[in-house]
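What follows is a single chain, given as structure tokens, in the form predicted on its own.
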Amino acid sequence: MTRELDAGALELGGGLEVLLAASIDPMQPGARLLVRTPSRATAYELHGWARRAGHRAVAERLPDGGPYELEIERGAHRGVLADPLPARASGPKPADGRMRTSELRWQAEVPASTPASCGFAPLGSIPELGAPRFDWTLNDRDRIWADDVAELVDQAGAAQWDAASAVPWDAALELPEFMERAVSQVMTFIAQNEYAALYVPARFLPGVNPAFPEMVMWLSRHVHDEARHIEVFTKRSLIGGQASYSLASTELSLHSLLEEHDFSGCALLLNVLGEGTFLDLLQFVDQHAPDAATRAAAALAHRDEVRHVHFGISHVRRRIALDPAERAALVAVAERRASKLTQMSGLSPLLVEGLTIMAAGSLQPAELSHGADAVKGLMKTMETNRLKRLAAAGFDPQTAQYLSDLHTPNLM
């Protein structure tokens, strides 16, 4: 059966070639397209277009006054080096007008693995032949996956905030010198650790096979969150005009974190242990902040870190459930890091001093005693909650206690 196409006033070079391609490309080789045009010149030019496109003009009708007709037989050549696109089918069904990341997989399950040579082919697309080969390093689903990663991506997208406007910066001005020195040191310590919290997921991102777009989006959201944390805590450390120290002990701890190259190992060290412990630190800063800007910065960062910790727990729990031997491998990761930090005996005195002054609110002896007790309470809270998170990640009580004891005194 011959298909018919009315070209109207379109000319080649003026849009007709687009209409021709849209009409003839879906047809099978050997099928015919009858093109009508009021222009004799266009009718003649169609011969050349058909030849260049890999088709064949098989009949023509060029009467004086038109309309002019040219019958084109579709050739076997395709403009794209790939199988024909499948017939149009029903797509995802957004609920309440929202297109959720989890709905990307409405047709199929997440593949267990995918070739390392795959390129940047968006989910559902048909890759064309002739593309360069890639060499991704994270090609196995179970090495990187968390069952609720798609939901976490959507939560992160909905919870974005602007460090320039979401914090009442004017409230940070005019603090007493002793208090500003304490706050600036704590803020610098947090910002210093947030660099590692950015660099670790950023390092894995270029290795994720694009066949796992949920993981690409999650790690990107994670990196974006941490960049914002670096911004907000750096701004708070500087706004009062008070310099503070970038601690060598913190550098040592963070350097050891960057030396771990296993994805699940980093999920345990960074997301479960490090960022998990920082949840309690941020709550402490929120509770004892001497100004609304410091309080807002801590509260906003805490909201983001909850997602990061959730991912880590979910991922580690899944790895252990799929392969119980992974539990021992993860313990070895924590032991390896701890062996590099034997010279660290405890939390930096400068950080303890800053937290104590923030909790005390003054330099009066009675208040400082209260502040010191609050910091001791924070350490106990951190251990209690660390054990809960490790249990949720799939570790038995004895192993959880062991891992908690191994965790770096730097907290991250």
Partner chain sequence: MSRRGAELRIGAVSYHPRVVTIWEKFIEHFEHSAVPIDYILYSNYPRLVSAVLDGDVEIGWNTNTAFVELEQQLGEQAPILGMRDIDAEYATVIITRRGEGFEQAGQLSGRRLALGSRDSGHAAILPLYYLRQQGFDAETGCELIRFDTDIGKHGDTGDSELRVVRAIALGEADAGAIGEPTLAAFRGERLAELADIEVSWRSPTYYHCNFTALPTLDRELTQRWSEALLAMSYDDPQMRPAMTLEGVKQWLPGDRSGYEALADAMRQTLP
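Numbering follows the first chain given and starts at 1. C-alpha atoms forming the largest set that superposes within 1.5 Å between two forms make up the rigid core. Here the structure is a predicted model, which means the values were calculated and not measured.
What follows is about the form predicted in complex with its partner chain, which we do not show.
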Query raised in the report: Out of 107-115, 295-303, 236-244, 121-129, where are the residues with a heavy atom within 4.5 Å of its partner chain in the predicted complex?
Result: 121-129
Query raised in the report: Heavy atom within 4.5 Å of its partner chain in the predicted complex: which of 61, 47, 32, 370?
Result: 47
Query raised in the report: From the list 78, 336, 143, 317, which entry has a heavy atom within 4.5 Å of its partner chain in the predicted complex?
Result: 78
Query raised in the report: Within 4.5 Å of its partner chain in the predicted complex, do 92, 103 and 147 each have at least one heavy atom?
Result: no
Report task. Report yes if any heavy atom of residue 12 sits within 4.5 Å of a heavy atom of its partner chain in the predicted complex; otherwise report no. Result -> yes
Query raised in the report: Is there a non-hydrogen atom of residue 382 within 4.5 angstroms of a non-hydrogen atom of its partner chain in the predicted complex?
Result: no
**Report entry** 4.5 Å heavy atom contact, residue 25 and its partner chain in the predicted complex
**Finding:** no
Query raised in the report: Taking 4.5 angstroms as the cut-off for heavy atoms, does residue 376 touch its partner chain in the predicted complex?
Result: no
Requested in this report: Go through 14-39 residue by residue and record those having a heavy atom within 4.5 Å of its partner chain in the predicted complex; state none if no residue qualifies.
Outcome: 17
Query - Rigid-core frame, C-alpha of residue 383, shift of 2 angstroms or more between the shown form and the other one - result: no
Query raised in the report: Any CA movement of 2 Å or more for residue 373 between the shown form and the other one, core superposed?
Result: no
Query - Core superposition between the shown form and the other one, C-alpha change of residue 353 at least 2 Å - result: no
